[in-house]
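Quick setup: one chain, the form predicted on its own, written in structure tokens, and binding and motion questions come after.
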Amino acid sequence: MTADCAIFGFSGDALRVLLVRRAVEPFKGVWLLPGGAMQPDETLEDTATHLLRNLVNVENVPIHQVATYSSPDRHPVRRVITTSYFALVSPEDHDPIAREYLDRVKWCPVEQLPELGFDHRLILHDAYEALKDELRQQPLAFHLLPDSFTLKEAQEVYESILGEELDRRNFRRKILAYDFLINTEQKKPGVKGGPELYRIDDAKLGQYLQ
């Protein structure tokens, strides 16, 4: 068994995914999602966590299980079954470094993907769909916002990740119902009569994401 991880990062106005380049065969020189084999004393979640730490220097990332892939021909050398995971992070909070059998790592815009080895294009597609489903159900992206933000800025982040426009009134009604959203009673500077600024109560937000 192996674990493969789609680590999404939102930066600026683009959703990116962390890709690694293999330095060994098979697929030497080809980009992949970070992943690897489960050890005898590990769960799959342990495997995903330690691989992210050991291969690309990414730690303390909450991960979500997506699916298991067992096609007999998904690996050109041997039979390999993998379970995939996704996470959503701020790229500036992480400093990925290629290690072990990898020679490069990069944050790649999901709209500009290179060729991916194995069946990682499918795994990435499914992980992105799972991310979008989770975003529609849970306040998963609020930790990507700055310390203070407007409701418009929050909506723009969600629209960028989902790749679709959201109804303004419905979006605001939904997020204003969350008790972790705090009105700072301040206005956005530089805009006359500007929109109100909000901040996040991290402890309350964490209760939603457990």
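The first residue of the shown sequence is 1; numbering continues from there. Nothing here was measured: the structure is a model prediction, and the numbers come from that model.
One more form of this protein, predicted in complex with a further copy of the same chain, exists but is not displayed; see below.
The putative spot formed by Met1, Pro40 and Ser71 is fully lined by a further copy of the same chain in the predicted bound form; each residue has a non-hydrogen atom within 4.5 angstroms of it.
From the list 50 to 58, 31 to 39, 154 to 162, 175 to 183, the contact stretch for a further copy of the same chain in the predicted bound form under a 4.5 Å heavy atom rule is 31 to 39.
In terms of contact with a further copy of the same chain in the predicted bound form, the residue from Arg121, Arg104, Arg136, Arg79 that brings a heavy atom within 4.5 Å is Arg79. Only one of Leu145, Leu44, Ile63, Leu166 lies close to a further copy of the same chain in the predicted bound form, with a heavy atom inside 4.5 Å, and it is Leu44. The closest non-hydrogen atom of Ala67 lies within 4.5 Å of a further copy of the same chain in the predicted bound form. Along 148 to 164, not one residue places a heavy atom within 4.5 Å of a further copy of the same chain in the predicted bound form.
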